[in-house]
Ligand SMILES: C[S@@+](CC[C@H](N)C(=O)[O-])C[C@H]1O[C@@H](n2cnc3c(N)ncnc32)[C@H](O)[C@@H]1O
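As structure tokens, one chain now follows by itself in the form predicted alone.
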């Protein structure tokens, strides 16, 4: 595993929820601008692609945005389906959510609920969501945490409910992979040191992304939970998507389940 940058959580682990919370609380004030500029605008394009992969229809009313951050996916969700009545945002970082509501979403406050919690420890009700979406939070989970997230996704979705996760990834096999990784692991930390005078928090984005690899393994975890899941690439694999739906039980299946 890549050597952690900066202080770690109580366990010395960059995936410890306390460490992740600290990183994004400190990043929150400058996260939107830094993310957009340093990704050359691709993060916004990828959020739109994630919502397109989600594929919700007009019947979807309530759903979860997991590891919600600054809520930049919400306008795309509400554009795709103006009938959504509630998006429940779940995130460790209250700072990110406060920034979201102050700068971006004051006019949508009546449709946004917020739970400040480790999503894996949250008590979200079973079969309570028409959709689950997550943009750029998956990389902050290790393999075991991703497995628990797959279980959570299967539990909270209603039959027929849809999901989509998108994450910055390591584009293995792409001829410009070296340049992309140089941007993540050298350029981003340099920008932070020179312009933001931070504690190497934004540099963690590159560390998390390269450790993550891509969404293939997570797709397998979702399938293991009985979900119909598929893997997609965005921009040569610089981002990858895990998307699909929870099957609707047929009459025969329901009869078997009742026995």
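Positions refer to the first chain, counted from 1. Quick caveat: nothing in here was measured; it's all calculated off a predicted structure.
Below, we refer to the form predicted in complex with this ligand, which is not included among the displayed structures.
Chemist: Is this ligand in the predicted bound form close enough to 72, 91 and 139 that every residue in that trio has a heavy atom within 4.5 angstroms of it?
Modeler: Every residue of the spot touches this ligand in the predicted bound form.
Chemist: Would residue 245 count as a contact of this ligand in the predicted bound form, using a 4.5 angstroms cut-off between non-hydrogen atoms?
Modeler: No, residue 245 sits far enough from this ligand in the predicted bound form that none of its heavy atoms falls within 4.5 Å.
Chemist: Is there a heavy atom of residue 113 no more than 4.5 Å from a heavy atom of this ligand in the predicted bound form?
Modeler: Contact check for residue 113: no, nothing within 4.5 Å of this ligand in the predicted bound form.
Chemist: Any of the heavy atoms of residue 168 lying within 4.5 Å of this ligand in the predicted bound form?
Modeler: Answer no; every heavy atom of residue 168 is more than 4.5 Å from this ligand in the predicted bound form.
Chemist: Can residue 26 be called a contact residue for this ligand in the predicted bound form at 4.5 Å between heavy atoms?
Modeler: Answer no; every heavy atom of residue 26 is more than 4.5 Å from this ligand in the predicted bound form.
Chemist: Among the candidate residues 99, 84, 80, 119, which is the single one with a non-hydrogen atom no more than 4.5 Å from this ligand in the predicted bound form?
Modeler: Of the candidates 99, 84, 80, 119, 119 is the one lying within 4.5 Å of this ligand in the predicted bound form.
Chemist: Though this ligand is not shown, can you say which of 51, 229, 204, 67 has a heavy atom within 4.5 Å of it in the predicted bound form?
Modeler: Residue within 4.5 Å of the partner: 67.
Chemist: This ligand isn't shown here, but in the predicted bound form, which of 154-162, 172-180, 124-132, 140-148 has heavy atoms within 4.5 Å of it?
Modeler: Stretch 140-148 is the one.
Chemist: Taking heavy atoms and a 4.5 Å limit, what residues of 143-166 are near this ligand in the predicted bound form?
Modeler: Contacts from 143-166: none.
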